[in-house]
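Below, in structure tokens: the form predicted on its own, a single chain.
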């Protein structure tokens, strides 16, 4: 495997930060070598500097997208950590429905939820299934479920809703597997009734995203841990602008907004922490 020099490490690390916001320190040389080696081999580059130079100068950004796909963690599973989905089912959605239900029965209740680092889609599909099981009459609701991720590969898989046996066994209860997925060969595909509820698109969280509109609930879990403190502060300030005044923000179980974004206050329900704007 081609080794990366200290100077190359600085170049590539800065480049990755510039295009994705992901910060990898100088101790991560092994990660650069293992994750980027396939791209180096594919293009027969003789050094990581050559990879960097080609990625910087190419007009079609193909190598840039391959680098982002390779360096993104994309670690996810269905109903990850369970607590946020219990929170969603038993507290946030009931409160939200009470607040959003219009006085006239002729009007629909609007619900907008954003999975801001949706990876290969398991989180947003878990949210969709939760909604499907909680709301008996979908005709009374207008639901928008959006998943975004910086990785083209992750967004493509999420849109297909197709998963292998290993991915299906990680967190998904057996009854939901049989009810909401169809088996094709050695993989499973989400049924159309759930896939129709969601939309996925590519998004770099370091760039402006005000055009997405306002959301009632935002999941932004386990992505900001890869950002520098200034980038985290910028991200959650932007998220505050994208969250309804009475909306809810859910972050990773090991994350905290203390000292990062004073616009939010933490609140607890059972074993879970969520955030609302002051």
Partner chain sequence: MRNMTILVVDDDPVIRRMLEKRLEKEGYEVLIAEDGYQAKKIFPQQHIDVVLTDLIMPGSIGGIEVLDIAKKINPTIEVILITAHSSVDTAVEAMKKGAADYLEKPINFDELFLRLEKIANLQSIMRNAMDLSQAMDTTESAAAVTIQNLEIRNAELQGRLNAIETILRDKQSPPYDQVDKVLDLLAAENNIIIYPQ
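Note that the coordinates shown come from a computational prediction; the quantities given were computed from them, not determined experimentally. Residue numbers count along the first chain shown, from 1.
What comes next is about the form predicted in complex with its partner chain, which does not appear here.
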- Quick one: which of 211 to 219, 44 to 52, 249 to 257, 27 to 35 gets within 4.5 Å of its partner chain in the predicted bound form, going by heavy atoms? 249 to 257
- Report the residue, out of 75, 98, 175, 193, that has at least one non-hydrogen atom within 4.5 angstroms of its partner chain in the predicted bound form. 75
- Query: Candidate spot 165, 170 and 271, all three in 4.5 Å heavy atom range of its partner chain in the predicted bound form?
  - Reply: yes
- Query: So in the predicted bound form, does residue 10 come within 4.5 Å of its partner chain, heavy atom to heavy atom?
  - Reply: no
- Query: So in the predicted bound form, does any heavy atom of residue 136 sit within 4.5 Å of its partner chain?
  - Reply: no
- Message: Can you tell me if residue 112 lies within 4.5 angstroms of its partner chain in the predicted bound form, counting non-hydrogen atoms only?
- Response: no
- Query: Is residue 152 close to its partner chain in the predicted bound form, meaning a heavy atom pair under 4.5 Å apart or at it?
  - Reply: no
- Item | Members of 58 to 89 lying within 4.5 angstroms of its partner chain, judged by heavy atom, in the predicted bound form | 75, 80, 81
